[in-house]
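Take a look at this single chain, the form predicted alone, given in structure tokens.
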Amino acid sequence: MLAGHVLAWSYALLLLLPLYYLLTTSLKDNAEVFAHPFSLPGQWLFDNFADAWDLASLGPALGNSVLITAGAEAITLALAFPAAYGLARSGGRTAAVVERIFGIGFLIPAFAALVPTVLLAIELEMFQMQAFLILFLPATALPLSVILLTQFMRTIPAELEESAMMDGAGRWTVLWRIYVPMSAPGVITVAILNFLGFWNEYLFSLVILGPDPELRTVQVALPSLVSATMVQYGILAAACLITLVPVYSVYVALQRRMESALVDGAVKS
């Protein structure tokens, strides 16, 4: 038991170390960053946060990231949930083949899809449009979302659905009144994973939207702080911390639900 506590606290400290380094670096200038990398700041430069906000135009970038992430998240869940329900309640070979087809999505690297995606955006006259990214990103998240939700829905007793249908409920009523509430922990887990993927997406955001400050996401805006002649590491660290705030806020808001999903999954397995 004691060894387990020691390992747990050691692992927690190991995770906190880079966060401490990032936080202290965000309050220093370059000279202090290199002279005393792990010490507390001698002079607390809170202006680094204001400079990072202005130099990288983080306001519009955060708004664009929120818009794209929320839109892609909503479309992904709207498509993945009915698809997972159909697969979970179908026991034939066709369902097994369809599920394996979704699994093939894991084998396609992002770089392989980059050129066709750009050509598709140009063909649809949606190049450098956020709407294209909102429609495209769900395609990258659907394989994992469908497979995870399918496995979770298979743990829901089929007798509940049969009883509801004997009482006159239709498919959509069963889906909305039974599967949505009982699958909430699984849906939240998938939503958190998708949120992290959409928020941190860089490659397609850079190529499709470009460096335009009015269109770019926060992940594309951050590298603009890296100057060819001089990098202000304190300002760069401050910008990184600002971009972490939405991710941390979403995680804290859904933390209890995610823990419930993990516990439920462990009990049911």
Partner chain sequence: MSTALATADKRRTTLSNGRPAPPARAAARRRRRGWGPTVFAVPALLWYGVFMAGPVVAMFVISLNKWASLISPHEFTGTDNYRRVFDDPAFYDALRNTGVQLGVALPLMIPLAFMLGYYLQLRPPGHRVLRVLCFTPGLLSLSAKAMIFMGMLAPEGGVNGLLRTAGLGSAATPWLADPSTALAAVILVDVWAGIGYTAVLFAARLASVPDGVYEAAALDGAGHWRRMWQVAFPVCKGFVGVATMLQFLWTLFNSSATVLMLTKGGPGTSSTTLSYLMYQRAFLQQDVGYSQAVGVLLFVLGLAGMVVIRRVLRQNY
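Rigid core (definition): largest C-alpha set, two forms, superposition within 1.5 Å. Computed from a predicted model, the values in this text were never measured in an experiment. Residue numbers count along the first chain shown, from 1.
Unshown form predicted in complex with the partner chain; subsequent notes refer to it.
Contact check at 4.5 Å (heavy atoms) against the partner chain in the model of the complex: all three of 95, 139 and 202 pass. Although the partner is absent here, residue 206 lies within 4.5 Å of the partner chain in the model of the complex, judged by heavy atoms.
When contacts are judged by a 4.5 Å heavy atom cut-off, residue 181 does not count as touching the partner chain in the model of the complex. Contact annotation: residue 164 falls outside 4.5 Å of the partner chain in the model of the complex, judged by heavy atom distances.
In the model of the complex, the partner chain sits beyond 4.5 Å of every heavy atom of residue 210. Screening 129, 79, 169, 160 for any heavy atom within 4.5 Å of the partner chain in the model of the complex leaves a single hit, 79. Along 103 to 142, these residues reach a heavy atom to within 4.5 Å of the partner chain in the model of the complex: 105, 106, 107, 108, 109, 110, 111, 112, 113, 114, 115, 116, 117, 118, 119, 120, 122, 132, 135, 136, 138, 139, 140, 142. Core-superposed comparison between the shown form and the other one: the CA of residue 30 exceeds or equals a 2 Å shift. The Cα position of residue 111 differs by 2 Å or more between the shown form and the other one after fitting on the rigid core.
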